[in-house]
Ligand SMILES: Cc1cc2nc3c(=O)[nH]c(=O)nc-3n(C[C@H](O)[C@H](O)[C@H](O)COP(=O)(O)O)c2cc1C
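Let's start with one chain on its own, the form predicted alone, as structure tokens.
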Amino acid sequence: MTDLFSPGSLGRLSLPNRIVRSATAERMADDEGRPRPALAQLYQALASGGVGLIISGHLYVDPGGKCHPEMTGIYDDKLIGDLSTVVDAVHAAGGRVAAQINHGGAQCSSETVPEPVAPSDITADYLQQPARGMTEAEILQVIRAYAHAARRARQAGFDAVQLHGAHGYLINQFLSPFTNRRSDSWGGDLTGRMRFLREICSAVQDATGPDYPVFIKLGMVDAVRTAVATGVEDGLTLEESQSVVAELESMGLCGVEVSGGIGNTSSRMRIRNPEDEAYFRDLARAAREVTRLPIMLVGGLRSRQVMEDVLESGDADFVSLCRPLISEPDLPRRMEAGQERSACISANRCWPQAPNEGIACRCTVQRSG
């Protein structure tokens, strides 16, 4: 039986328990992407609080892929020292941390990228501005940027790298027929649309070595129903994403975190009861049908009962939490001591309203615990 506090592993990375801090855009960096001291403090609190693996907020691999202001960067060697300071804070507290690396593509803010790129020319309601299709030279340059970012992550001391292939960012855009309408070898059928991801995986492994743990956050469907919005209806389907998942091990990846949706359709508010939790569990089950890789499940997990059930059923090997660990960075320690449920009320008030604030729980009403 897999217990919430039993050890696990991702490739060669051993983890003390099954609780993962899912990547969260912290907005704790300066204009050049250097992390501010608050980021190291946040991660150290998570490590001290018992999180088995911290996945960083997405780090931009190229200035043309910077999704929003105050995003942390990993696009230049000059950032390695600052990132090492963050990693050292985690390791000093006995924790483990993975770097999530990303390129926003069409979903880059107009505040950070004046002319965003995408697999194809794209205009959509969920985008701040139109994006133009990439040339092949630009595609190859971005693949190199991912490889260099992964190398920097290893040099900075990160224990692993996670590729962000979900929520409508560039890897997801290449996989989705909604955003990838190319007719060359980078588009067309699923084999062509998977080429970008496959080439990134190969380049990353060349840059980091074959034994360094690399895994992926994968959006398995673009269209999901939430209380906020509905994703695109003619995007990536579950059937196609199962074919993607089936190929991940052959790409050299050592795990997959399952998610879905584009932008703000990837999360739900007002998670009040156990039946509201684990809303991507069906996607994890579909992934389990086609892969032997460790699976992480994210999406509304709040109670130990549901987390244990997910693990015991075999639907996933790890549970990934986001908002509960913003309100209670020591939630793993609390649960191990007997707390049954996160105090998070899922009001989605975590995000900063002004510069230099960073993520934090801003709810005025929470359960004690």
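In this text, residue numbers run from 1 along the sequence as written. What you are looking at is a predicted structure, and each value in this text was computed from that prediction instead of being measured.
Just so you know, the form predicted in complex with the ligand exists too; it's not on screen, but the next bit is about it.
Site annotation in the predicted bound form: the residue of A47, V306, C322, L39 reaching within 4.5 Å of the ligand with a heavy atom is C322.
The partner is absent here; in the predicted bound form, the one residue of G64, G57, G52, G33 having a heavy atom within 4.5 Å of the ligand is G57. With a 4.5 Å cutoff on heavy atoms, C350 counts as touching the ligand in the predicted bound form. Using a 4.5 angstroms threshold between heavy atoms, P332 stays clear of the ligand in the predicted bound form. The shortest heavy atom separation between K217 and the ligand in the predicted bound form is within 4.5 Å. Although the partner is absent from this view, G299 contacts the ligand in the predicted bound form, with a non-hydrogen atom inside 4.5 angstroms. Contact annotation: the ligand lies within 4.5 Å of heavy atoms from the stretch 161-169 in the predicted bound form, the single such stretch among 208-216, 161-169, 131-139, 288-296. If you take 21-55 and check each residue for a heavy atom within 4.5 Å of the ligand in the predicted bound form, you get S22, A23, T24, A25, in sequence order.
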